[in-house]
Every structure is written in C-alpha cells, then in structure tokens.
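Following this are structure 1 and structure 2, which are two forms of one protein chain, each written alone as structure tokens.
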Structure 1
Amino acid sequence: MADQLLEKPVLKRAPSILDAMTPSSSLQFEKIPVEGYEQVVKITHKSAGLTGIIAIHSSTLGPALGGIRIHPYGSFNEALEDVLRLSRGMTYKSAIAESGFGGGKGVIIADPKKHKTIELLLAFGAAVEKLGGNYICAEDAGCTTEDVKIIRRATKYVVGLPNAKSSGDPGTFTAWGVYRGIQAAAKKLFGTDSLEGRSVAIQGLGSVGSRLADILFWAGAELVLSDLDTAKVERLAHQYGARAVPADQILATECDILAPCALGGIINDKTLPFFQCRAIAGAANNQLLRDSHAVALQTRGILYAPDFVINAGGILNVTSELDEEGYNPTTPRYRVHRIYDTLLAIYEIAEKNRESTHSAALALANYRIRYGIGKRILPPTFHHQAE
C-alpha cells in the first residue's frame, strides 16, 4: 500500500450524514467495461460530493484487496488510468507475496485537504459494502487510518483499522520490506547486504519514506533526502546527518541506491538519462511509466527492484488481520523478511533469461496466478465486526 506526502486534513461536515447510509440514498453505480478486468465501476453520490472508481483486476487467488487513493485528478480519464494501473499492480503484488488475495483499488476524485468529508467517506464505504466483499479496502495516499475507521461505519470490508483487532498503519511493515529489498539490491551489486557507507537517496518522506530513513540511518547508510515539504527535509537531514536535496534534483543525484517513496511514473523518457544510481529500490507504486522503461534501465546497467515486489510489506501486514486466528504482528514480520529472498530469486531469473527484472517478476506473478499458487482456501475473517 503507497507512501504519501499529504498532510492529515481536518474532516469537514456536510449537511446530511445519513444520506450515504440509507436505502434511498443517491449512490449510483455505472459499469465501465475494460478488457482484462473483472469489474470496474464508477461511483457517484451527488449530495456527498463523491465521484470515484473501484477497479477489480483479478480475484483468481482470493478477494480483491487494495487501498483507497484520494487525489484531485485533472480528469476522470486520468483517475481511471491510475486506478487500472494500481489495481493490476495489486494483483501482481499479492501473487508474488502469496497473500491469498487478488488485486483491486479504489480512487476518489477530490482534494483530501479541502474536500474530504465524513459524508464522502461514508458514501464510498456504502459502495464497498454494495460489492459484497469482492473488494476489500484500506488506506492509501490521501486516505488515513482514521479515514478508514469512518469508512468502517458503512462496511465491514476494510482493513488497517486503528483498533485492537486490526493492524493499523501498515507503513512500518512497508518500510521494513523496502529496507530488506535495498539489502537484496546491495547483495546483488556489491556481494554483501551491508549498507554501511552506502549512499541511499530517498525521494519522499511520508509515512514510509521517513521510517525508511530511520532504518537506513541505523544500518549505517549515508542518506540523501528530498521531499516537497522542505521543513521536514531540513529536520530529518539534521536528525540523521543527511544531505538535503531539492525535490527537482533528487532523481539526478549521484548515489548507490535511489529509493522512490512518493508517487509513481518517475521512471520515464525524461528522467532516464539523468539517473546516476546503481540501483532503484523504493516504496512508490507504478514507478515505471511504461514496462519498456525497465528494459531501458537494464540497458543502462541500473538494477531495478520491481515495485510490486519490494513494497509488499504493507499488504502482508493488513491481510494478516484477516487470518482465522486473528492478527499477530509476528506473522507478517517473517513474511516481510522473505522479500529479500524473493528479489534475489528474481534477479537470478532475469540474469539467466537475459530479461529485465520487471519482466521476470511479472512472469513469476503470472505463473502463480495461472497455477493457483498461494490461492486462498478459507474465507477472510473480519474480526473487527465484534467492535
């Protein structure tokens, strides 16, 4: 689930809190046919100010699960393109991680700092409930754990709640998984997974990026930090003895490993000539603007940790709360550890087949989907129903 640069907003009250919850509400569904996707629906609720999309890419291995992104997209088509890419990525992420879930995603077209209301969240929750468990939601960029707590009032199909029966903010597990992925990259490049004295540049210091900086500091890495929030950059740079770099310069910074932890699409035709790193290994979703950009990285000799592999720590954490025995943080801890071994195996496959690491990871994910490896046997248990 993706790192975020957005500040936590103050939820505003709109006129009618019950409108999204009642049978007579104006919640509208419009099916959008998209080849290769099981279900894509546009959701609107006029009085709640909701325009959103839920995309279910695949439920072959289990119910589709993915976060809710709240973002002021420039157009509906832009939002649609994003939710399709994100939901497909969740399918591959869950397959590689063997989480027992499929891929889905929700987006809400709104500025989370200005337009996020209780009514809007409840209306989206009502839409999730109407899908009957085919899609299970969680937090994502622009949507906090407190927001999903509100959404829980309209649907049980939600994870990552800040209560005793849920797992809360998955950022710590995502950050630890990215750290393990960075170790795997170092092992492949330098023959050792020690990060002592290795330079790591982090783009984005949100929930995951800031935690990653802390872990890497204690691992002995030399940090280069960047974020749109310059005050945060200066504070963390002082805290970790790091070098601060303007947001528009971080991708071109000379370093051993670049860790993108903000929004996606940062590997593209414009940025490719400027990378001065040995590897790219970070938490951001959809880092490649196009799959072909992975080949371009390979040609340049830059090792790429496929994002849907390295950033799976969050989903491994939140899905653990749906285990029959209930949530125990030690279970996802050991599952997240294995990201290291998975990436080393992908690097070996890519090298043997003379293909990009992204292509190797996709092939592995599709193999597991095709043969049902990691398929969920028992239905998910929503322990928080009793609360």
Structure 2
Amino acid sequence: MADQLLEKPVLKRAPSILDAMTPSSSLQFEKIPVEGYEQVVKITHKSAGLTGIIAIHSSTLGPALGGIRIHPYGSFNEALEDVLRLSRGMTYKSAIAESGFGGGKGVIIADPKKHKTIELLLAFGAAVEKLGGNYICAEDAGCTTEDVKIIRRATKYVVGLPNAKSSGDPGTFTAWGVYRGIQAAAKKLFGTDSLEGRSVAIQGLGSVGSRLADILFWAGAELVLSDLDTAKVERLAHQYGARAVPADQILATECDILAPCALGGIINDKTLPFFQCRAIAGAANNQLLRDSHAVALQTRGILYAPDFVINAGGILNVTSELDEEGYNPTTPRYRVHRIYDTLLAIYEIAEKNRESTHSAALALANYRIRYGIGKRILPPTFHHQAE
C-alpha cells in the first residue's frame, strides 16, 4: 500500500504525509474552550510543521464553512483572536445570506511564501477530515485554489477547487453584490437607485474592486480610483474616464459613496474625521476596527452598509457548488441580487430602532440563528473528486 502511494509524485517528495493521513498519525488535537463557540481546536503535526487552529463558531443553520488563512502570526494568541473573529463573521454572513451554512474558519501559523509545503497542507486536510464535515474549508488569504486542491487529497470537505465542477473566482459575484449594495445606499440616500452621475470612490482594484469599477462605469457613475499599484490605477482610470487618487488620499476623497475593496479596519478613530462621503459600501471584510465605530459613523450621518451583508456574493456562489444538482450559476445570481433588499430592510430596522446599521444587521443575523431561518434541510453534496 505504501509503495503504491509512493508512486504519486507528491508522496515521493514527502513520505511523512502518510503520517498525516493514517490513524497512527502524529496529528494532535487540543480542544480550546471558548465561550460562545461550538468547537475550537488547536491542531499540530510536528513533522509537517503544522500549527493551526480550526474554529467552529456556529453550525445551527448548517455545517460551518469558511476559508483557511495562512499567515505568519506574531503569536498563537494573535492567531486565536483572528480565527475567532473571522469564524463569527462567517456565521453572520451566512445567516444573513441564508446560505444554509454556519460559520467556521481555519488558520495556519506559517509564512505562505516560505513555509507552505505539501505536508503542511495535507496535515491540515487530515485535521479537517477528522472533524467529519462539521467544518468545510476553502481558500482565503495565503491559501490559493491550488493549495485547496492539495488539501482535497486528504479530505472531501472542501469548496472552491480549480476544476470544471467549481464555481470559479468568487470576485465576479462579490462585485455584483457590492454593486447592488451601492444601489441600495443610493436608494436610501437619494430616493432612487440610479447611479447615473453619482460619484463612487473605490479603494483597491483587485479581483472585486476592478470588476466593481467596470459595473459602475456602465451604470453611469463617476469613478475615483485608487490602488497601491499605480500602473493599474492609471490603466483603469484611463479605461473608465475616472479620476485617480493616491492610496493615502482615497478615504478622504469627497464622493457620494466610498467603496473599500482592499483592507479591513479602515473605519477607525484616525480615519473617521476625514471621511467626506455620504455612505460607505464596499467589499472589504471587517471594515470597522471596532463595533463602536459603526455608531460613530451614524453620528456623523454616514450610511454604512455592513460588510458581512454587502460582500456575501462570494459565499453564495461558492456554497452553491454543494447543491445536490451541482453548481449552476443562475442560483447564486438571484440570491446575490437580493442583497439590495436585505440592505434596505436593515436600514429601515436601524432607523426605527435608532441603532447603527451594523447593530441592526447583527440583530437580524442572531434572530435568524435563534429561529433557524434559512436552516439547511438537505446535507451538502460534495461533487469534486481528488486529483
């Protein structure tokens, strides 16, 4: 058996993978009790160089699903804090989007540029397998679709593989959802969701931001663009007749709507006094440094589209891979479209309750979890084969 496996190129390079995939594995699980979380486990595999954490925040509405972040965290506690925050965010995102999944996340403490090996990925995959489908993983920062393909050899509980049965790059769906969110912001602010002549400033022109720029151009918006990659900004500014601004000025740009599509934590004590927009509606995860910054935005009269609501297009697309009948892009297309209605409902609730839009969205997510609204009925179907 071992000889047969050794025929595979990956195992020729890394015989220790066998350890990660057999019952006699040196994979170690250590439970970390955390209040409010269903399961948090530290996973280690010495010979594979793996130290990681899988956090399952909630599986009330369906199996926990979330990406794997590979990052050289400064300490174990920093990684723990990140995985807890991210997995809880996934719960809320999925609950609001009614994806039929719960919230989970995996982190691997490693520099993806230096320490990512096949052994490491397979050992992590073995850990996911051991959780028996309670956690379904996908790519995230530092973990590519090619990495996920390797992880698939150790576990079937994976989405977002780069093959014909996959849903492909989620950026297209996320960008469309953000566009619908920007329309909802315009509706709330101006009484019409037409973006003709409205100014939208986009921070970050990557997978989502560049697609969003394209959609907004065709919707008639006046664009202000920014990215660290100045050549890209110039190219897209020329393409869309947009104004290019330096990366350190985009947040303070006067505009109708600011769309952060780069980094988290951009709404904080330092940036708050500088915003000159009527609304903030963009793709970036964890835009608020702290929840209280949502209240500060409200006080300043800036409408905020909660990030975990507006950026759910990607999760809606990727999870539809697990539909019984297989991936069909028309299903997530309609669901992503509805982000508009969800946001308008959240704005109304926030106004009635005199609370921040972030707080209203959290309450709505918790309400759905409590009453099982959108709970999965059929178990997910894994159509992918290991390659």
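Just so we're on the same page, rigid core means the largest C-alpha set that superposes within 1.5 Å between forms. Residue numbering: structure 1 sequence, from 1. Not measured: the values here are computed from a predicted model.
- Structure 1, not structure 2, is the form predicted alone.
- A displacement of less than 2 angstroms separates the C-alpha positions of residue 183 between structures 1 and 2, with the rigid core held in common.
- Once the cores line up, the CA of residue 39 ends up 2 angstroms or more apart between structures 1 and 2.
- Relative to the superposed core, residue 127 undergoes a C-alpha shift of no less than 2 Å between structures 1 and 2.
- On a core-based overlay, residue 79 has a Cα shift of 3.6 Å between structures 1 and 2.
- Once the two forms are overlaid on the core, residue 116 shows a Cα shift of 4.8 Å between structures 1 and 2.
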